[in-house]
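Read the single chain below, which is given as structure tokens and is the form predicted on its own.
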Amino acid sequence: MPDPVALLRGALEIYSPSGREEEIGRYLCEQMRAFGLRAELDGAGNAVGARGSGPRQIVMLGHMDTVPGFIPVLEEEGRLYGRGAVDAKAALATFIAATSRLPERADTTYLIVCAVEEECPTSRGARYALDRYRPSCAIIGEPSGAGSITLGYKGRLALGYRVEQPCVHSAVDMGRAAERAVDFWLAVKEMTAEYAAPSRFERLDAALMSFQTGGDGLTEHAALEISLRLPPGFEVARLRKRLEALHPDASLEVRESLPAFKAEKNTPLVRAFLQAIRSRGLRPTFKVKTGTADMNLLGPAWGCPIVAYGPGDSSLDHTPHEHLDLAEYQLAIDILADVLSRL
């Protein structure tokens, strides 16, 4: 059987930011075949692996794209460094290595979907898979830590704000486009402060992603990209009306809108994870995340038991020192293989 560490190292060496997943897709198909799975690229460019032939589906879906910024691949002191080491090529490699240990079953098909474009608003890979599978249970590949499972993610409202006006001299007492954009951002921050909550998962958060200004000598403009993280049950339509009322003469465009999602805890899938984790002498924990994932989209649509699982520390997501503890990676493979054998 091929080496799981070599599988992951090879995946990290392929630079695959969103929209550039062709090479990593071909690589993962080749590796899944080497690990004894059937594999092919689907119509969206997802690399899909399968084991077994039964009507019952257990779907493991993670993403093979990353945020931009290549990190040289380096193994040092039991850690493997590279872009995607945590988010989320390690989860895909865990899926592949664990599934390869399972016997062929006539009643169940294990499906691994290595999805494209998760790290951008399109979520094209997950949307393509949404109507093509009807799993009895699903596992989303995201870093939870080997001894933990993730049950929920906050929602996201991504907004583009733009204001444009005639140029004026800086000595004139009239708000510049940049000043108006700053005023809008401060009003957004003030509004989010109204939604206080005991935990970060339950409150409304806002982040300013970018701020650009410009002009042609006749007109000037300012543009903001804003990300709002939404707690469970949040009324997005009401929030949009409030935001639009802050600056009615500016344009406000929704880039992405995903509600929060939290899975049920009392399911056969969760129980299988708890048993597998405890059998390794660990105390399992549950997590909820302040970001979003394909689970936000697929959880409500599939309506089956679902969790997110994968090795790694999610605080390293998107950072320049992203790395994975290889002992934890091997442990996650053992745990997931145990989970799948119990389902």
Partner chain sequence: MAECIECGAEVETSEDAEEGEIIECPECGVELEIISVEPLELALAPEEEEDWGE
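In this text, all values refer to a predicted model and were calculated from it rather than measured experimentally. Numbering follows the first chain given and starts at 1.
Not pictured, yet referred to below: the form predicted in complex with the partner chain.
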| property | result |
| --- | --- |
| One residue of A50, V288, L41, A34 in contact with the partner chain, assessed in the predicted complex (non-hydrogen atom, 4.5 angstroms) | V288 |
| Option touching the partner chain, based on a heavy atom within 4.5 Å in the predicted complex, out of R240, R105, H221, K265 | K265 |
| 4.5 Å heavy atom contact, A146 and the partner chain in the predicted complex | no |
| Contact flag, R271 vs the partner chain in the predicted complex, heavy atom cut 4.5 Å | yes |
| Interface membership of Y128, the partner chain in the predicted complex, 4.5 Å heavy atom rule | no |
| The partner chain contact at F95 in the predicted complex, heavy atom, 4.5 Å | no |
| Candidate stretches 196-204, 175-183, 244-252, 231-239 - the one whose heavy atoms come within 4.5 Å of the partner chain in the predicted complex | 196-204 |
| 4.5 Å heavy atom contact with the partner chain in the predicted complex for all of D3, S16 and G45 | no |
| Partner contacts for 52-89, taking the partner chain in the predicted complex and a 4.5 Å heavy atom cut-off | D87 |
